[in-house]
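This document contains two forms of one protein chain, each encoded as C-alpha cells and listed individually as structure 1 and structure 2.
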Structure 1
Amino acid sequence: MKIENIYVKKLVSQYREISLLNNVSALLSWDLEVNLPSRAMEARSAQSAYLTKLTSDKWLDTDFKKTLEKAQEARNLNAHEKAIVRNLVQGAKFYHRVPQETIVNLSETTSKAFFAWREAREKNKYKLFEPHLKKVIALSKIIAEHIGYSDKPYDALLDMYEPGFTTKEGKVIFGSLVKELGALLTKIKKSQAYLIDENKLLTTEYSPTYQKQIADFVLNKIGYDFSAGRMDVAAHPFTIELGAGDVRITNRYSPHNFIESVMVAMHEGGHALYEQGIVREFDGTPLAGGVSLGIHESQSRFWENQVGRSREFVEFLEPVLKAFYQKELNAETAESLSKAFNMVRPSLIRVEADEVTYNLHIALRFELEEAIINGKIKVEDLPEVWRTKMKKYLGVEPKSDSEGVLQDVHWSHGSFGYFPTYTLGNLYAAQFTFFMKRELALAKLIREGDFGTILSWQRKNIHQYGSLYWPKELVKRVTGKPLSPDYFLDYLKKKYSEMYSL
C-alpha cells in the first residue's frame, strides 16, 4: 500500500485509533451474544454507549474533519489513497451528520433492545420487545433524515450496508426474484419427487459434541485459521472481526439436525475466510474489512451453498459423517444424503430455509423494513403483517411470534437495511461462481477435497482487496459484468430441475 499524500497519511494515522475502538466495541458485542449474564445488561449498555461516544469523538475531532476535507480536495491521488478517502467520506456520513447524542442513544437503546428481544423470543411475547423496537425504529428514522437521501428514507439506511444500493433497485430485484422463485417453487411442489420426499434423517438424535467435531473438521479443511480465531456457541450464529489475527465465529447445535451445524460452519467460515484473507498491510486502516455486507455474504453463501450443498461435497463428507454417526447414517448413500442437504420445503424460519425459498424470506423482510421506515405500517401491526406475507410467499403461517416476527436478532441491533444484503450475497456468489468455473474444475476440486485451490482463487480475485474496490466495481473486475440476478436464477433452475425432474 503506497501512501504519499500528507493528508491521507495523516488520516490513516488518526483512523488507527478509531479502528482500535471499533475492535474493543466488537469484543463487547461478541461477549454480549456469547457469554454475558442477564444481570449485566445495564452495565454493558453503559459500557457500549461510552465506547460509542469515544468513537464518535474521534470522527468529530476538528483536526480529523479538516484533514479529511483537505484530502478530498487533493489531486493526483493513487488508487489506495482515493479508496481511503472514499471510505472515510462514506463513514463520515453517519458520524458527521447524525448528532452525537443520537448515536450514543442508539447504542444504549440497542443494547437493551437485544436483551428484550431475547426474553420476548424465549417467552413468545412480542409485546415485551415492541416498546424497545419502537425506540429503535424512531432513532433509525432520525438517523436517515440526518444522513439524507434523494428518494426514500430507507435509502439512507440501505446505503450504510451496501454503498449505493437503493429502495428502487431493491424493488426491481425482489420483484423479479419473488416471481421467478414462486414459479419454481410451484413446479417443485407439484413434482412426484417432492410429494414422496421425506427427510427421515431429522427424526434421529445427533450428538452435539460430534457435531462440533465435524464442524471443526470442515472449517480446517476449507482453510479457516484457528490460530487466528475460534468457534463458540450463540443463539443466532455470527462472525465478528476483533482485530488483526482475531476473527471469531459461532455455531449452534440442534439435537435432531446435524446438517444445520455443518452449513452454519461453512457459512460463518466463509465470512471468516474473507477477513483472514485481506492483505495484512490494510490492518487498522480504512481499507481493512470486507467492502460491504453483500460482498461479505457472497463469500459465506459460496461456501455454504455452491460448495457445501453440492453433490460433490456430500460425497467428500459422507465417510466423515458416517465415522461419527455409524448407526444413524449407516443405511444412507451419497444420493440420499445429498437430497437431505438440498430438500426444498417452505419453512417458517429463515436460517433453516433451503436455497429456493430463502430469498422469499428476505423479500418479506425487505418489504416490511421499507414500509416501517417509510411510515406505511405500524410497529403494533408487524406480527400480523408478517403472518400474512408468509402465507402469501411461502404458503406457511407462523403460529407464534417466536417463529415469526421475533425469529431474527437484527432489528434489536438497529440493523435496518441489513437484510437485503443476504439476497445480494446470493446473487454475487452465483455470478462469481459462474466465472470461477471458467478457470477451475470446481466440481472435481470439491469432490477431491482440494479446497485450497478454490480458496486461492478467492484470495486472488476478492479477499486480498478488502475495501479497496466498492461492490459494483469489484463484481465488474472479477466477472466483467454488472451484477445480475440471472446467474443465480439459472443456477437454481438447473440444480433443482435436475433434482426434482422438472
Structure 2
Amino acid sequence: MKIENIYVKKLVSQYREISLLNNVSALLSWDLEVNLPSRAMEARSAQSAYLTKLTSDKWLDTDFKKTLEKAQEARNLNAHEKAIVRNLVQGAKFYHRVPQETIVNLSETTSKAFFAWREAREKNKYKLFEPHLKKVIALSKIIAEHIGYSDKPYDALLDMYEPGFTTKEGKVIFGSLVKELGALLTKIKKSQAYLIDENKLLTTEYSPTYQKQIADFVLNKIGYDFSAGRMDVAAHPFTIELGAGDVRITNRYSPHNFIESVMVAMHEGGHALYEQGIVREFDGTPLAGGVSLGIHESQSRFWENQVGRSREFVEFLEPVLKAFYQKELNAETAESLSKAFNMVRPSLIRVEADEVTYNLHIALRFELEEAIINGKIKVEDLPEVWRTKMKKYLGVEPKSDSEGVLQDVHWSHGSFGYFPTYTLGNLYAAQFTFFMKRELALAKLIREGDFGTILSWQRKNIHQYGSLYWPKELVKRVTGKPLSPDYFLDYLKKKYSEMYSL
C-alpha cells in the first residue's frame, strides 16, 4: 500500500485516532457483555457515551472535513488511496449530513426505546413499545432525508449497512426467495422424512465443559488463531475486533443442545477468520475490517452452513463428538447426526430457524421495514401485519407479540436496514462457494479436515482485501458475476431434496 497524495496521507493519520477510539469502545462493549458486574451498568454507559462523543468530534473536526474535501477533489489517486477516500466519505455521511441535534436525539430516543422494548417483551405489551418505536421510525425517516437517496428513503438506511444495496434490489431478491423457499418448504412438509423427523438427540444433557472443548477443537481446526483472540461466554454470541491481533468471539452452552455451541463456534469463527486474514498493513486505516455486514455475514454463514452443516463435516466431527459424549451419542450415525444438524421446522423465532426457513424471517422484516420507512403502513399495524405474514410465509402464527413483532432488539436500536444483510450473507456465501468448488474439492477437504486449504482460498480471494473492494466489486472479482439468489436456491434445493428424498 503506497499512500502518496498529501491529503490522503493526512486523512490516514487523522483516522488513526478514530480507529483507536473504536478499538477502545469495542473493549468497553466486549467487557459489558462478558464481565460487567451488575452495579456497574450506569458507569459503563457513561464511559461508552463519552467515547462516542470523542469519536463523533473526530469525524466532525473542521480540519478533517476540509482534508476529506480536498482528497475528494484530488486526481490520479491509486486504488488504495481511492478506496480510503471512498470509505471515509461513506463513514462520514452520517456525521456530516445528519445535524448533531438529530444524532443526540436519536441516541436518547433509542436508549429509552431499548428499555421500553425490554419491558414490552417481558410483559407482552406492544403498546408499551409503540410510542417509542414511532419516534425511532420518525427519526430514521428524518435521517434518511439528511443522508439522501436517489430512489426510496429506505435506500439511505440500507446503504449504511451494505454500501450500494437498494430497496429495488431487495425486492427482487426477497421476492424470489419468498416464492422459491415457500415452494421448497411446502415440499419438505409433505415429505415422509419431515413427518417422522424428531430430534431425540436434544433431550438428554451435554456437559458444557465438553461443549467448550469441542468448540475449542473446531476453532483450532478451522484456523482461528487463539494467540490473536479468545473465546468467552456471553448471553448472545458475537465477534468483536479490539485492534490488531485481538479478534474475540463468544459462545454459549445450552445443556440440552450440543449442536448450537458447535455452530456458534463455526459462525463466529467465520467472522473472526475474516478479520484475522486481512493484510496487516491495513491495521488502523480506513481499509481495515471486513468491508460490509453482508460480506462479513457471508464468511460466518460459509463456515456455519456451507461447511458446518454439510454431511462431510458431520462425518469429520462424528468421532470427536463421540469421544466426548460416548454414552449420549452411542446409537447415532453420521446419517442421524446430519439430520439433527439440518432439521427443517418452521418456527416463530428467527435465531432458531434452519437454513430453509431463515430467510423467510428476514424477508418478512425487509418487507415490513420497507413499508414502514417508505410510509405504506402504520406503526400500530405492525403486530397484525407480522402475524399475517408469518402465517403466509411460514405457516405458523405467534400467539403473543413477544414471539412476534417484539422478538428482536434491532428496531429499538434504530437499526432499520440491518436485517437484510443476514440474507445477503447467505446469498454471497452460496455464490462464493459455487465458485470455490471450481478450484477446490470442497467436500473431500471437509471430510478430511483440511480446512487450511479452504481458508487459504478465502484469504487469497476475500479476506486479505479488508475494506479495499466494496461488496459488489468484490463479488464480481471473486465470481465474475453480480450477486444472484440462484446459487443459494440451487444449493438449498439440492441439499434438502436429498435429505428429505423429495
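Every residue number counts along structure 1's sequence, beginning with 1. Throughout, rigid core stands for the largest set of C-alpha atoms superposing within 1.5 Å between the two forms. If you're wondering where the values come from, they're calculated on a predicted model, not measured in any experiment.
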The same chain appears twice here, once per structure, so which copy is the form predicted on its own? 1
Displaced residue check between structure 1 and structure 2: His132, CA, 2 Å or over, core reference: yes
Core-aligned C-alpha movement of Pro398 between structure 1 and structure 2, 2 Å or more: yes
Against the rigid core, is the Cα displacement of Gly277 between structure 1 and structure 2 at least 2 Å? no
Any chance you could measure the C-alpha shift of Lys141 between structure 1 and structure 2 with the core superposed, in Å? 4.0
